[in-house]
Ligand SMILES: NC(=O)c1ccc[n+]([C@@H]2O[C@H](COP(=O)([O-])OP(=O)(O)OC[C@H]3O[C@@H](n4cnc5c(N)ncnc54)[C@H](OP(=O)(O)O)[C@@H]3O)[C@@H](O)[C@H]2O)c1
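One chain comes next, on its own, written out as structure tokens in the form predicted on its own.
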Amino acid sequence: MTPTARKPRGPPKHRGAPEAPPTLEIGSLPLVAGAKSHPALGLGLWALGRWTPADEARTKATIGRAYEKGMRWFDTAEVYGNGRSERILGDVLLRAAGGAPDAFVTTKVSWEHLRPSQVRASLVNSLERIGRTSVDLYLIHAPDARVPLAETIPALEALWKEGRVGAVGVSNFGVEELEEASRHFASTRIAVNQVRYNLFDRDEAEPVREYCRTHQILLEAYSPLARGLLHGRYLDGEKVSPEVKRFAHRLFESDRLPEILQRTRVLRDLAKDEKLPLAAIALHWLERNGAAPIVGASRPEQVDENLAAWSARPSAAVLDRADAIARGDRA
């Protein structure tokens, strides 16, 4: 799946934080059974529902900057901040021009709410918080072995038939779970599988990537920059916080971290040699592998950095070299 063509742009200036273009043509991807095409790059709002009220203005400014600069895909969930992330997103979009009708909004039903009556109630509550009559994409946040997909999928499909969701997808599903879920759709199908995926963390994505490609399921990649590591964080002495370690899978565990940091420094040298942001290599490596990255940002200037990285396009040779470095290939 290849994004629509973007106008070629030169690499951003590499003095301090790169500046994003005034507005950026992000590109889009086809979405099976979707009412809209799917933007190729999105803003994930996981962290944006977990701050204190004093941070809310900055949170809103971050989402507003993303929309102003051309981002249209916003990914949230009912569990992010116990709904606060959805409320903040809805508030920002409501105040955008015309209520931001071109925004592509994704939210998720919690793994704790997969019984049919719970699925419907969760969506109703999410729509109320976001302030919309429908969302473009509704995902199962993660499977629950205690609730058969034979119960959950028909409930989701009913919401799709009612026009309350533009497309139905899943998150954190393996191949067996994708196959099981697919058996229970009658009128639509799985449009998306969202998984953890970046240059260093491939355990969830690689086993399902070929299945998703074959079945026209778009692969969405969360944590595409490895909690900031692939933006260059932690390479010059900054300590990894306990919270980052908690949510970064095994990436920052003591037995792996020294080697991961060394490989990232080599990747940073590669990026400098090519006059590219390191994040440009990380994001476009995912794009080449058929995945749509969901970047995080907690401040407006981080939105600018991510978009500057997206606007810079590494060559195929650079992406090949980055892939080998990240795997630890010494050849």
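In this text, residue numbers run from 1 along the sequence as written. Computed from a prediction, not measured in an experiment: that's the story for all the values here.
One more form of this protein exists, namely the form predicted in complex with the named molecule; it is left out here, but the text below deals with it.
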Within 4.5 Å of the named molecule in the predicted bound form, heavy atom basis, the matching stretch of 24-32, 38-46, 266-274, 61-69 is 38-46
Is there any non-hydrogen atom of residue 292 lying within 4.5 Å of the named molecule in the predicted bound form?
-> no
Answer with yes or no whether residue 171 is in contact with the named molecule in the predicted bound form, where contact means some heavy atom within 4.5 Å.
-> yes
According to a 4.5 angstroms non-hydrogen atom cut-off, is residue 75 in contact with the named molecule in the predicted bound form?
-> yes
Decide whether residue 194 counts as a contact residue for the named molecule in the predicted bound form under a heavy atom distance cut-off of 4.5 Å.
-> yes
Would you mind picking the one in 228, 116, 83, 131 that has a heavy atom within 4.5 Å of the named molecule in the predicted bound form?
-> 228
Using a 4.5 Å cut on heavy atoms, which of 215, 233, 120, 87 is close to the named molecule in the predicted bound form?
-> 233
Sequence-ordered list of residues in 295-320 near the named molecule in the predicted bound form, where near means a heavy atom within 4.5 Å | 295, 296, 297, 298, 302, 305, 306
